[in-house]
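The chain below stands alone, shown as structure tokens; this is the form predicted on its own.
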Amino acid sequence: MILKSLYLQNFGVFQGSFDDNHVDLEPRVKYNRKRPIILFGGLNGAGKTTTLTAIRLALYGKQSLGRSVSVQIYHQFLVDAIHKPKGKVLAPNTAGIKLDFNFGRQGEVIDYTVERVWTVRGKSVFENVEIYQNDEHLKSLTDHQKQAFLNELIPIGVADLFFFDGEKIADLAEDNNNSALADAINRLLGLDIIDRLKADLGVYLRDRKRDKLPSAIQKEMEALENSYKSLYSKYQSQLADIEALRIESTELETTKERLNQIINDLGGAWASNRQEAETKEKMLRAKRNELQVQIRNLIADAAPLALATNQIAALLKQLTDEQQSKRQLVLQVELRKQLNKIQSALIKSLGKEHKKAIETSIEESLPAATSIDTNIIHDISDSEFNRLNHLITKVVPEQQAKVKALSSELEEVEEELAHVGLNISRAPDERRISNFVSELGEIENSLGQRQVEIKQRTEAAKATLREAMDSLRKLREKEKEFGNVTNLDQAVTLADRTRGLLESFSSKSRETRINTLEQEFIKSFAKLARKDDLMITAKIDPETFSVSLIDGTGHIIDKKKLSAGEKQIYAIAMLEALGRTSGRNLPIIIDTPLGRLDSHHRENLVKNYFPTASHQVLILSTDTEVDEDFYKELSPEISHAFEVAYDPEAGSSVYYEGYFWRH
């Protein structure tokens, strides 16, 4: 296959008609040799990816966006893809893509042109696809048949691996269920054709063998087969309905996310908890009032005395000293009274002539008088002293501790009140978001109904499939019961033997091709990887097509741990190996080929992959990916180049032949 020309009409950043925007993609002959590389250079946003998108859209229409894309999403994509002219009131409502290519079928090279044009009228999108074969318009095909015709030429599953974004292709390394790789291996290596031929022979054999059976048995088997076909058709229809429901669910999910985003932008996250926040605020205010009353009561009592610790301590010392001084004075007075009584009694008993000696003896026996230097200021009673002492040493410290604890609790309540108040202030007026909340509720309700419906229909589909398989099982049992007693003609015998041979051939072919693919992968990976990765090999499971990477010590490498660049190298090596093993001559288009690669991988890709990747290689690159050095390296293989230049004044891009510094 050769891509010959691409034409764009008001598509993406390209303004104008097909005549204004077209590029020649066919490799040119220079110095008696056809060079494979057509290089597109452009800065980010200039229109390189638009070029790749245009080719995929021309060939695959809605499927170019993915397998489970609704018509609504596809039409919105087409609307968005129409060029938006800068500074013009009237915008075009029509856009289109035209692709010329040729394809080899049964030894003949046939020219094709596919033209896809769409027009927007109001909210409706009208798309028209026309196909020309050797300039003959294929008028008899319906829209569905036109797309099926294009898919037969280049299946979308295969094209995904030949027309790819260099950065996104690394996802192939993370394809855990191997669906993409398994589909590609089956199609590219021709294994699907063997399976299809084997199935066709099986149908032929069953029909011929059945012709030999008694009419009653034939009718019974026909009834079983009709039952199976009817049930299986019903099952397929149920699957289609389920898929449609899943697409609706996906669209509802998208709408739900959009509404959630709008509500969050309007402060909806705070609105949902507003009532709860207001209740909490009321509770906190009550608690704050209670704490404030308790603190005020304590402050009105003895707690403030704690503010004058030194003065209170001095007062207590003064009062204690005064009490001690007063006790000493009382003791001295009482002792003098008692001694006076003793002195009088002794003088009376011994006579006055001993008065002097008695007085001297008593005075000498008296203890030295204690000097009392405490100045009595307050002169309070013992009971008053005891009350004050208890107040200062017991009550004041306890109240001080309570005030401190209550103040801390009050501080926490105030802080929490401020936080709750902020949340309440963030919550929008319910009227601002009520419409969105109402719509969100309806969407969630619809989504829930769809999910329930999907579950119910899935169960119903499983039941239908079980019934279909039961009919098929009974049919096979009948075929087995009567198959060996029937006289078979030579054609049936040969077909039966051929089917067995195909079974064996399919197994051997699969094994051989997988082995070849493994060897080709090792060769490709070796020339693209860095030197320290050269010991890596690959092992492909022939049944599941899962690929295991094995290091030099025989251990399996976890592909999830590979860097983005390493995954890209792995994927490109696998694609090149698939291409060589299949022998399919398809062009390769790579957008952003070197974006995530280090300098070693870049150099290996430029030197060892691009020149030999295919007979036609379209590279869509920035000036920093394929720079002047890489351009010189690729120069002998470059057929021609285009620069995709964006004009900010015009608001559109134009193709120029040449490449950045080379015009």
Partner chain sequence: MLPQKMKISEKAFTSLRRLQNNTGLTVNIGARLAFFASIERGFTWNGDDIQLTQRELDKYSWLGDHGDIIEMLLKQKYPNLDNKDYYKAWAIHVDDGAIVIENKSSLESLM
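Residue numbers count along the first chain shown, from 1. In this text, the rigid core denotes the largest set of C-alpha atoms whose superposition between the two forms falls within 1.5 Å. Treat the numbers as computed from the prediction; the structure is a model and nothing was measured.
FYI, the form predicted together with the partner chain isn't displayed, but the following is about it.
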I need to confirm a contact call. Of Ile380, Ile424, Leu153, Ile557, which residue comes within 4.5 Å of the partner chain in the predicted bound form, counting heavy atoms only? Ile380
In the predicted bound form, the residue from Ala495, Val120, Met221, Ala302 with a non-hydrogen atom within 4.5 Å of the partner chain is Ala302
Contact with the partner chain in the predicted bound form for Glu384, defined as at least one heavy atom pair within 4.5 Å: yes or no? yes
Would Val437 count as a contact of the partner chain in the predicted bound form, using a 4.5 angstroms cut-off between non-hydrogen atoms? no
When the contact criterion is heavy atoms within 4.5 Å, does Arg285 count as touching the partner chain in the predicted bound form? no
At 4.5 Å between heavy atoms, is Leu307 in contact with the partner chain in the predicted bound form? yes
Can you tell me which of 318-326, 235-243, 521-529, 94-102 lies within 4.5 Å of the partner chain in the predicted bound form, counting heavy atoms only? 318-326
From first to last in sequence, which residues of 383-400 have any non-hydrogen atom within 4.5 angstroms of the partner chain in the predicted bound form? Glu384, Arg387, Leu388, Leu391, Ile392
Look at Lys559 and decide if its Cα position differs by 2 Å or more between this form and the one not shown after superposing on the rigid core. no
Quick one: core overlaid, is Phe385 moving 2 Å or more at the Cα between this form and the one not shown? yes
Do you see a C-alpha shift of 2 Å or more at Glu322 between this form and the one not shown, with the core held fixed? yes
